[in-house]
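As a starting point, one isolated chain is supplied in structure tokens, in the form predicted on its own.
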């Protein structure tokens, strides 16, 4: 795990990875109170010293991968966090406090059969003194660089992934806000529960490594985790945590609804009548997936139900593995 020890700057061809030609003060891009507008292209951000090689990134960012990750059409994702020099994420309370100047990046890529992955978009989330800002970069057809979108409307991109052909929808700024502003804090996937797991090939949890690197103010003494005596139920709760809880968290956010957090999800859905106008009936009817509103929404089968597909944003390709898992779980409920 690499610590975020300095801020991103534009890189010259002679610079090594992370040795930007401009300092944080000069660029002002991530410089706390010196924040400026997002650059027009990722090549100006400095995230990838060589944008054609996304396996090589600047040491000023830290790679992370949440457990129970959000499904987005099965795309491959790279997630990074960068902090201003000397800043940390305050983890002393349940709702983490992120410093002004922190920025998160996430690049979405798809892999056609027997080909290298091709980036489609890179999203950025940045905290300023006034609040959170959102930006989306759309990559060109060759994956060489990308352009900053104005965020006014979603953009559909035809992609090929694992033999499937479909349209990936790059979200508008309003769509980004709908998900992120339905929870506090606004960051999705960078939290105690989902960082309580190692990166591939590591032994220590990401929580421990981020704390050791000085990115987190302290290591939570008893990190949250999903534990259930039934393995299938545990997996279903993990799916809810990654794909649903940023909206279904019982809060008063823009798109919040009943709470699907792993600690209370089962009591809130099994045999419970829905209160939504979008999905009627019982949320989960034991033994009857096709009569369970939650299953009908996740399966996204418009021929069977008029329930609004869930998640409503960011999914154009059904997660068949998750649908099968939830069906098996409902069938097995007593």
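Residue numbers count along the first chain shown, from 1. The structure displayed is predicted, hence computed values, not measured ones.
As for the form predicted together with heme C, it is not shown, yet the points below apply to it.
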Legend entry - residue 53: touches heme C in the model of the complex, heavy atom cutoff 4.5 angstroms: no
Inset, instruction - Check whether residue 220 has any heavy atom within 4.5 Å of a heavy atom of heme C in the model of the complex, and answer yes or no. - result: no
Legend entry - residue 260, heavy atom within 4.5 angstroms of heme C in the model of the complex: yes
Inset, instruction - Would you please decide whether residue 88 lies within 4.5 angstroms of heme C in the model of the complex, comparing each non-hydrogen atom pair? - result: no
Legend entry - Single option in 237, 136, 102, 216 placed near heme C in the model of the complex, where near means a heavy atom within 4.5 Å: 136
Legend entry - Partner-contacting position among 84, 171, 74, 143 - heavy atom within 4.5 Å of heme C in the model of the complex: 171
Legend entry - Options 184 to 192, 112 to 120, 197 to 205, 155 to 163; stretch whose heavy atom lies within 4.5 Å of heme C in the model of the complex: 184 to 192
Inset, instruction - Would you mind checking 229 to 249 for residues with a heavy atom within 4.5 Å of heme C in the model of the complex? - result: 239, 240, 242, 243, 244, 246, 247, 248
